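Below sits a lone chain in structure tokens, taken as the form predicted alone.
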Amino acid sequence: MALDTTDDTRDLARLIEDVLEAYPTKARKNRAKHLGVSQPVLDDDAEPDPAAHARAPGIGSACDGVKSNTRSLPGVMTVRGCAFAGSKGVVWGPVKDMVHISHGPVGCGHYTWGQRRNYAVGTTGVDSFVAMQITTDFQEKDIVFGGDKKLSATIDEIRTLFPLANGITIQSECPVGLIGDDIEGVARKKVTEHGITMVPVRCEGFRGVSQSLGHHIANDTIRDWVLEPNAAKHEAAEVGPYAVSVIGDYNIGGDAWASRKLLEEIGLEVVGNWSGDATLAEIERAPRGKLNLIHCYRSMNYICRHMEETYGVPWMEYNFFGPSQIAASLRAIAARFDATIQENAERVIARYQPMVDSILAKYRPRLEGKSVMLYVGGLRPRHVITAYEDLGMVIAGTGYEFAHGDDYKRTGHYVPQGTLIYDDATGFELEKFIEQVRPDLVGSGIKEKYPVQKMGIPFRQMHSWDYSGPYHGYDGFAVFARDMDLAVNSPVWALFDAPWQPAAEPATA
């Protein structure tokens, strides 16, 4: 169960020390900075996001002592991605009416082909291209002589094959940065020839320490190649007084649709929902909105800050995981508008309460007191915490693959004192923590799924919802509760013996 007493905190500190003992001295000192136990709050001046207002008084803690956003140790297994994954796989890839070229060898593009379940409305290959993989397929001669000509020919071919595509992005892989292809020059030339948006993205995988830099680079290209060149378009766009853009929701399993439904029910006009199920036009008109709502803070806060500084569009973070945070976020969002929206928000919350009560009555008795360890990227290591708590579950540990310091500062408002915190955990560390804590459930990525299950511990894939979803909104909470119950209470865990236990003798006739 939850580890929040003084004795338990000491036990976790000893656990960290025991795990670090396996490393050489230099590696031990390095990794010690990335592991810790959440501490009492020392400075509670300001809430980092509106959803934090729903937290019970005193439950917050301080996690910002954990070091983050540094290079992984050479020679250890890390589950981080690269800058290419952050741009192509996260920010740009879900924009449905643009073709996204993986510029380089086929391997990187193939790895990011349709892996994130970014749902989109449209006909694949006609007006939607999310599920497709286009690559310049570098060969040895392209490395030697450069790939600019091949890229140019690829763009021409795309315009012939997909005339309804409204734009093209060029997602550069590692070799492009090494040989110096002029993707910006090709993009400028092709904008003139074809008259559509071209976005060159310098997201070579070796850049930065994780996929986080890829997010930042992708945000900068939205600024430089979409918003600024199309200022006349968004200035001419007509929007109402309740126009909002949802940013950083990638529509995993339909999440963005569930969020959009709630926002429209309280009377807001969602003029942009990106990049999940997004069109280029939605991105172009975002500066005309009255408020930007950001779900994945880590991947999209850069462009939100730019729009606030340049166009005067305020932004706020929200959380639609679990009923307590859905209600808190709806009220915080409504508070930015007039009494009409505020009254609508209260009516919507009240309308869904019987549904919430029904879900909790069914699943909370089955999940009460069960412990969870989380290790994911982006926002989930903190945002999903309250959804588990709504079901009566407790968080034994949480951590990020590629967080920055401000992510851990925000996490402190979601976890109690005495929670195990780990940043960029190595495969060895994560395995040892799970072995010793023995949680009832682990929520992490596909790389961790099967080793954890082999340890006899239930697991949910929290990057893409294990082929389920949505998990956002009230409808999503029903799916979330069902999936956690199926994982934790599945009878399969009683059907095999632990490998360290002697096998049972077969029954005789």
Partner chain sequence: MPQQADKVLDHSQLFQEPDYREMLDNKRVRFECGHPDTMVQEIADWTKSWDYREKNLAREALTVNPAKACQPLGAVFAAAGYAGTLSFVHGSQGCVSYYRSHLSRHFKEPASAVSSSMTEDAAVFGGLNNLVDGLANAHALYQPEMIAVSTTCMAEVIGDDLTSFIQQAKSKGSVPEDFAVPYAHTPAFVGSHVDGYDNMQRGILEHFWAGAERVPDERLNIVPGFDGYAVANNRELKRLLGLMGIEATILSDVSDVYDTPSDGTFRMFAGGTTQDEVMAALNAKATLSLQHYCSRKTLEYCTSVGQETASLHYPLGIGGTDELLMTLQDLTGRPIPESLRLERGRLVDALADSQAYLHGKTYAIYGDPDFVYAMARFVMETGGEPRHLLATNGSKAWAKKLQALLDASPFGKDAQVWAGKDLWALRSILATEPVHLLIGNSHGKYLEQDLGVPLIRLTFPIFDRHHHHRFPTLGYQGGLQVLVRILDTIFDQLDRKAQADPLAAVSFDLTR
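Not measured: the values here are computed from a predicted model. Positions refer to the first chain, counted from 1.
One more form of this protein exists, namely the form predicted in complex with its partner chain; it is left out here, but the text below deals with it.
Trainee: So, in the predicted complex, is Asp475 in contact with its partner chain at a 4.5 angstroms heavy atom limit?
Mentor: Yes, Asp475 lies within 4.5 Å of its partner chain in the predicted complex.
Trainee: Glu309 near its partner chain in the predicted complex, any heavy atom under 4.5 Å?
Mentor: The answer is no: Glu309 has no heavy atom within 4.5 Å of its partner chain.
Trainee: I'd like to check something about Asp277: if you look in the predicted complex, is any of its heavy atoms closer than or equal to 4.5 Å to a heavy atom of its partner chain?
Mentor: The answer is yes: Asp277 has a heavy atom within 4.5 Å of its partner chain.
Trainee: Closest heavy atom of Lys96 to its partner chain in the predicted complex, within 4.5 Å or not?
Mentor: So Lys96 counts as contacting its partner chain.
Trainee: When its partner chain is placed as it is in the predicted complex, which of 337 to 345, 375 to 383, 166 to 174, 316 to 324 ends up with heavy atoms within 4.5 Å of it?
Mentor: Heavy-atom contact with the partner occurs in 166 to 174.
Trainee: Pick from Gly248, Pro439, Gly253, Pro200: which has a non-hydrogen atom within 4.5 Å of its partner chain in the predicted complex?
Mentor: Selected option: Gly253.
Trainee: Exactly one of Thr154, Asn301, Asn230, Gln417 has a non-hydrogen atom within 4.5 Å of its partner chain in the predicted complex; which residue is it?
Mentor: Comparing distances to its partner chain in the predicted complex, the residue within 4.5 Å is Thr154.
Trainee: Hey, which residues along 198 to 233 are within 4.5 angstroms of its partner chain in the predicted complex, non-hydrogen atoms only?
Mentor: Sequence-ordered list: Gly205, Phe206, Arg207, Gly208, Val209, Ser210, Leu213.
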